[in-house]
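Quick heads-up: it's one chain on its own, the form predicted alone, in structure tokens.
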């Protein structure tokens, strides 16, 4: 049973986002929405809760996400449901359940919380946020280039420096031949592999390449390359992707171990990484998944998508670039001026950000205004009400007015006065 102290702290791996973090959060998300819309994507909102079988079928029973990390439980009807661990499966399910498979392409973007029972660390939470896009219905390598360009566009607009890594895991014949060769190679080192990698040797040897275990990494270095097993069609597809990126002057590096952590990928896989606290961390990841729609129960539809990791992007974003709209405080001197102050605040809120502190004496409310970051306080006393004016006291230096300066301004000229001094 939880103690009273437990009630006053967040669940492990969950966090509150507030203050400057909230401003960065909104800036990142709003920018990505603008980018997605400028690339012709429309918004979709999917439920946080889905049937567990959706993720087992799409992500793969052997993945860490399904096997270890999902928040799953039986609802009151006894049905097994899960909090969504990622967004692609839900978007594909929505495509099928809303009868959109005959109205292609569907270019969708979404944003929201995802949930994985993972070890919390900086930039990784059990409730984390993703901004995803899904291009459902286009199979050309040019659409891969266009999706990667969208990711690059979003990071560029946010001023986040990153490096792009790409790979191809080929088509089905490519992967069948490659998996057989991987089993042959890794079997020689079976006793040295981690427990998870030994299990994957019989379930999905491709995923050993995705291992983060130090012992596995040394063995992976000598593993055969997927490029030697690509069919002519798969190799030509990947060449077209690389040529398209080069034509757009998007720098990239080949990473032959990049297979991503989920089973539904084929052909192109990619990641954008950035340096955070001396660590190179992925902040965008995605790839092509031509078989997923059919796997979930729809027709064969080619598709490609990506997801931005908002939590890590917040760490990579330069918060000093935030532009904070000016904040104005309206203060009454005595209760006699309260209604005048309320009226003035409502008038100004049509065009400006305004606070109206109501508790405590004038000095306390002035202090509250300062703490809130107001650029100035409009003081309404008996004299100001009688003359239809306000005393403007600056709480920071603004457009030539020194901190602490006072200026008497007519009510009729007030909005024009602030429109001038609030320009920055």
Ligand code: HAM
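Residue numbers count along the first chain shown, from 1. Just so you know, these numbers come straight off a predicted model, no measurement behind them.
Absent from the display: the form predicted in complex with this ligand. The rest refers to it.
Contact with this ligand in the model of the complex, judged by any heavy atom within 4.5 Å, is made by just one of 309, 139, 326, 244: 309. Screening 178, 165, 189, 125 for any heavy atom within 4.5 Å of this ligand in the model of the complex leaves a single hit, 125.
For the candidate spot formed by 41, 109 and 146, no residue has a non-hydrogen atom within 4.5 angstroms of this ligand in the model of the complex. None of 316-324, 213-221, 85-93, 228-236 except one has non-hydrogen atoms within 4.5 angstroms of this ligand in the model of the complex; the exception is 85-93. Although the partner is absent here, residue 332 sits far enough away that none of its heavy atoms falls within 4.5 Å of this ligand in the model of the complex. Heavy atoms of residue 151 never reach within 4.5 Å of this ligand in the model of the complex, leaving it off the interface. Residue contact with this ligand in the model of the complex: residue 183 places no heavy atom within 4.5 Å of it. Within 4.5 Å of some heavy atom of this ligand in the model of the complex lies at least one heavy atom of residue 282.
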